[in-house]
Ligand SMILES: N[C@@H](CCC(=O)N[C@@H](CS)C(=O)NCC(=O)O)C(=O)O
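A lone chain, given as structure tokens: the form predicted on its own.
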């Protein structure tokens, strides 16, 4: 059976977890936080998530894990069969990661640790987020799912990528991403009502106290 290494407060962990649950792939969860020897044993960069396959192979990086799951467990595919449509799904995933999640992540220390962030950095982040929302406006269909009638990896990836700008935008940029893209708020609410989304969200909430304790200890060690 697959083992998914990481923690439920992580949005990248939840991207992979959502995919496994939606496809009905059996797996076990191994709670582990960054910086631990256990995580380094399965993730060379010490990043969450990581996975140990049924054959015992250790894999890391969320996009790699998603591709592996699609290849190894082809039932209930989350990528279209048509090559051009598959590329469109991957394009949305890349936009969500590069121009939404990673950009907003630069402001995460300000939210979690009250670290100072310069206006210059905030301006850079906002400019990248604007590029991301403009790209998403052009690419997304929301009819009813991101890339059309079928829920795909684009929906899963975007849902958890949005977690970061939704978290930091209001307090750090006085900005809400949901109204910035036509149809995004309605799609976001629709995704939240999916049974797998509710399960993942409940697990995330249950892990949050433990995760924040981990963050607090990490901040103290860094001082």
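These figures come from a predicted structure and were not determined experimentally. Positions refer to the first chain, counted from 1.
Here the subject shifts to the form predicted in complex with this ligand, a form of this protein not shown in this document.
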Completion exercise
Checking 166, 30, 47, 190 against this ligand in the predicted bound form, the residue with a non-hydrogen atom inside 4.5 angstroms turns out to be 47
Practice task
Can you work out whether this ligand is within 4.5 angstroms of a heavy atom in all three of 12, 34 and 105 in the predicted bound form?
Solution key: yes
Practice task
Classify residue 61 as contacting or not contacting this ligand in the predicted bound form by the rule of any non-hydrogen atom within 4.5 angstroms, answering yes or no.
Solution key: yes
Problem - Contact stretch among 190 to 198, 22 to 30, 47 to 55, 171 to 179 - heavy atom within 4.5 Å of this ligand in the predicted bound form - result: 47 to 55
